[in-house]
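Single chain ahead, by itself, as structure tokens, in the form predicted alone.
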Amino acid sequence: MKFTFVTLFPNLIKPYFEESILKIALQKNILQIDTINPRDFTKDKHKKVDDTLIGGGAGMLMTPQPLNDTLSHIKKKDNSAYIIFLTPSAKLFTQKDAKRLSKKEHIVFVSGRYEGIDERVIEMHANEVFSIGDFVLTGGELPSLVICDAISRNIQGVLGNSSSLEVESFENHLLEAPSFTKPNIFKKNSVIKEFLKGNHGKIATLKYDLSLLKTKYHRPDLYKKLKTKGKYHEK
């Protein structure tokens, strides 16, 4: 899988892949990372990539020419490139999207800056548009990295133990059950005793029940989906 980040600040992207699991995935050539700066494609003699908003409004907007030429260049080199724009005015990215997009060959993340991106570029080039939450950031680099990370860990070979994906939060609309490690007692707080008895059937049932309770408490919206689809049982 190849990820290309279209950003005015490539140095915000590169350090994230210099540690831990994603660094190993790069070393194994499971992942490839590239960055492209739209400023390199601007035709403005001062290398400007932004301008005032037509119709009025505060701040500056990324102009269409540099981004259009950048994305046209990428697609000319690789027509399989799947282009994703990051903006708070879009649908929320989910685990389901992460799993689906992990099957792509080449994903391009377009990171906005200033007050965003000229809408015409999005309409011309976007395969999908995502938000990571109902809040506003200073740029699209962090959302790009968040989505890249979520997709990457669903690619075969990236995680050391791929079976861990099966019990993670958001699988089947459930949050993951509480987890514990040694020591069994920490500051007078004990691990749930059933977890210590070795009965894996009972442990699995208990974890499912705890997942239900956790989901109902923290994410009633997800719990409602479970109820609607008949994927849970009442005690």
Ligand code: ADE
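For every residue, the number given is its place in the sequence shown, counted from 1. Since the structure is predicted, the reported quantities are computational estimates derived from the model, not experimental observations.
Omitted from view is the form predicted in complex with this ligand, to which the following refers.
Of the candidate stretches 79-87, 148-156, 118-126, 96-104, only 79-87 has residues with heavy atoms within 4.5 Å of this ligand in the predicted complex. Interface residue remark: G160 is not counted as part of the site for this ligand in the predicted complex, having no heavy atom within 4.5 Å. By the criterion of a heavy atom within 4.5 Å, V108 is excluded from the residues contacting this ligand in the predicted complex.
Taking the partner from elsewhere, S72 is found to have every heavy atom lying beyond 4.5 Å of this ligand in the predicted complex. Although this ligand is not shown here, in the predicted complex the stretch 138-156 places heavy atoms of G139, G140, P143 within 4.5 Å of it, in sequence order.
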